[in-house]
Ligand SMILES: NC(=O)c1ccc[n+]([C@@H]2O[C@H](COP(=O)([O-])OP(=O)(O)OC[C@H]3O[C@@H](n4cnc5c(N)ncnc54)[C@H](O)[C@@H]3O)[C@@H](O)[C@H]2O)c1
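Next up is one chain by itself, shown in structure tokens, the form predicted alone.
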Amino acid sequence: MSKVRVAVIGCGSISKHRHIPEYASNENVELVAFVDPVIERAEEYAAKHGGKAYADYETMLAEVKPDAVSVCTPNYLHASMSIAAANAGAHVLVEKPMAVTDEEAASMIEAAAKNGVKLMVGHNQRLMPPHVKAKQILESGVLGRVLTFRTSFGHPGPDGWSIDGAGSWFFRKPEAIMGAMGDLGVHKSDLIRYLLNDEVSEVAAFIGTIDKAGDVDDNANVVVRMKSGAIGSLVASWTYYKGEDNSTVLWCEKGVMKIGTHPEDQVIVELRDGSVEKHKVGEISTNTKQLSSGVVDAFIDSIVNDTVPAIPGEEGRKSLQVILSAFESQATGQFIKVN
């Protein structure tokens, strides 16, 4: 079959490290356009991979008519760009958080459905080998029910990761809308929903700006109650200046599962009967060690095989609702029921 003609909108770090190289290495893809307001960035990728460079995504959609796009732009643009692409008949892979309000997320899902295109959200944590293995172990029943948990994602912040460093859009509230919670917290709300196959029913949160310049949150600690009754905590931080953490621990009826707590043994299962299982199943990507996320391949597979994407818009919306509810809790000082 003919190749999927893909355009990448936004040529910052997530495109540089993940989307563009992963599309380039996928045999079913032809990269046809790159878009960035800093046109030189788009031109650099066009020169390397072929295709055209654009400063404006609307012009690109009209001229190139791509089969699919990746939306890798500041948070506040995700919805408008995704909807425009869907209306132009393109399948959409959008970075997380998929949107900045629930209404936006709903509109994106509606636009994709109306136009008969696929909408996938780049929640790459689901596809990381340790999390895939953890899900299999949980579903085997060997640990019984999950009773309580802690899931956390902390690193030194986007100042070291973003292509624009400390001057990045990540720190400008009108463009980012939310900080560490939108960047990292939403990964963990998605992961815990996925691992437990359960929905968040209620949250209570402390969210603040403790150490970074700017007016977006750099730390959050959220208490989470699941529909099953399990209770846990979700932590997001941009101020783990030493000791980056991307780990999850699940305490269950029959033992404990530790994910990402050990440099080699990515998944450790310790049962109450004293037995211990250690799994070396590939690492969790970090900002300093980029491993293929699997997101692009899953997105292209869903187009080529005409299947539901691995992480559809509906899933991205539910994970976003948890984060939005946490902000509401911080603002009101109340426990918030999640829709």
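Don't overthink the numbering: it's just position in the shown sequence, from 1. Small disclaimer: the values here were computed from a predicted structure and weren't measured.
Not on display, but discussed next: the form predicted in complex with the ligand.
All three of C11, N75 and F170 touching the ligand in the predicted complex at 4.5 Å, heavy atom to heavy atom?
Answer is yes for this spot.
Candidate stretches 143-151, 120-128, 251-259, 198-206, one within 4.5 Å of the ligand in the predicted complex by heavy atom:
So the stretch in question is 120-128.
Within 4.5 Å, heavy atoms only, which of S228, S162, N87, N221 is in contact with the ligand in the predicted complex?
It is S162.
Is V38 close enough to the ligand in the predicted complex to count, meaning some heavy atom within 4.5 Å?
Close contact exists here: in the predicted complex, V38 approaches the ligand to within 4.5 Å, heavy atoms only.
Please determine whether G157 contacts the ligand in the predicted complex, using a 4.5 Å cut-off between heavy atoms.
Flag for G157 set to no.
Under a 4.5 Å heavy atom criterion, is R18 part of the interface with the ligand in the predicted complex?
Yes - in the predicted complex, heavy atoms of R18 and the ligand come within 4.5 Å of each other.
Looking at the partner-bound form in the predicted complex, is M81 within 4.5 Å of the ligand by any heavy atom?
Flag for M81 set to yes.
For the stretch 89-110, I need every residue with any heavy atom inside 4.5 Å of the ligand in the predicted complex, listed N to C.
Heavy-atom contacts within 4.5 Å come from E95, K96, P97.
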